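In structure tokens, the next block holds one chain alone, the form predicted on its own.
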């Protein structure tokens, strides 16, 4: 049985774990990355890759905004395969009630330094000619971006490896305070352990208040110029935060390849990862309501994934009570792509004591009684 030692072991090489590994390695720590499957697989591969600032709460805004800034700072270093494009986001409103939401988002963003532009019906039509006529208006946020999450994860892992991180292709089977037994028979001794395995974190830490939320994605053939922005209906916010077992919302992303990625669906209490035709049909029908021209495009693939959702729509980042030396970085649901870099900054702060501009307390797992009391 082989043994290795490191300062920090990061479990999981989805985009959150990959970002944590890179940040910890850049902080000068010896990092071991443990991933049994594909780098950037799992929930990461089921994400749309939208780097977006969200405003459901001040804590959500702070983490998404800081993370967006970090992605922008990295943009010139990213490999072409990451497909970073500053496409901007277009939030679309169908009626006066949703226009009120647009006005509120505009006021919130601009008061915090985010460039945002309110559009009337004609402005929306000029911005995205393939949207249906008669929409009430929208909000354009030009600074937001899209990336290809699996390749972004791989790039982050390679960045960590260039700084002497090691990659262990195995699964963590058992723990004690400092030792991890891996499925290949080897062991790792680590000063700290970061659990970035999404819903998998509950396998060892069942008190974590996260639930798997299944999502479907559809990708089309190549239609360059069909859409110019990440287009999101205002109803997406209600869908993302809702407690109902099944919901859909229109969310379309133009990819650098000319393809379009179509979402979104959310389901609780479903454990089967198979594509469910009724959910795809609902999602596509919703898209046709906003963009009828989609009926002319060809779909080449449909797939699913499970995202780790928390009751308050904020991730769990920080030390785990009752587990000395263990830290969690999970519960990001549909915002793991955006918030991965900000999460990594918080993890480095917890592990090393380095400073962060973010409020650590807002994301601690101890904000939930079942975690605080074990």
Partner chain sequence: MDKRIALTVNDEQVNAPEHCTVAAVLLASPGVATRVSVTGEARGPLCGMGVCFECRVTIDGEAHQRSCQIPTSDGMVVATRGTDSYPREYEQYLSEQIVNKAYDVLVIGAGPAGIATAVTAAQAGQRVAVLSDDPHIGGQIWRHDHAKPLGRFAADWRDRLSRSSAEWIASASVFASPKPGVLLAETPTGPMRIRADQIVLACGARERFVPFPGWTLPGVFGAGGLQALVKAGMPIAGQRVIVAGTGPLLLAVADYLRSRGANIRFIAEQTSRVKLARFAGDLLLREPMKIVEAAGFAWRLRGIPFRPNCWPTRADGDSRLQSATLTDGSRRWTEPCDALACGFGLVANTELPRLLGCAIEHGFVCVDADQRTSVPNVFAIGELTGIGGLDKALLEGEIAGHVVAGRFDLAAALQRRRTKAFGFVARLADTFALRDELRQLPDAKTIVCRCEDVTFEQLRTQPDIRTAKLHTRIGMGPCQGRICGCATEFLFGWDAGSVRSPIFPVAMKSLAGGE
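From a predicted model like this one, the values you see are computed outputs, not experimental measurements. Positions refer to the first chain, counted from 1.
This protein has a second form, the form predicted in complex with the partner chain, left out of what is shown; the following refers to that one.
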Answer option from 141, 234, 284, 180, heavy atom within 4.5 Å of the partner chain in the predicted complex: 284
Contact assignment for the partner chain in the predicted complex, among 202, 253, 220, 89, heavy atom within 4.5 Å: 220
4.5 angstroms heavy atom contact with the partner chain in the predicted complex for residue 298: yes
Residue 322, heavy atom within 4.5 angstroms of the partner chain in the predicted complex: no
Contact of residue 41 with the partner chain in the predicted complex (heavy atom, 4.5 Å): yes
4.5 Å heavy atom contact, residue 215 and the partner chain in the predicted complex: no
Interface stretch in the predicted complex with the partner chain - options 117-125, 190-198, 151-159, 100-108, non-hydrogen atom within 4.5 Å: 151-159
Non-hydrogen atom within 4.5 Å of the partner chain in the predicted complex for each of 316, 327 and 371: no
Stretch 266-281: residues contacting the partner chain in the predicted complex, 4.5 Å heavy atom cut-off: 275, 277, 280, 281
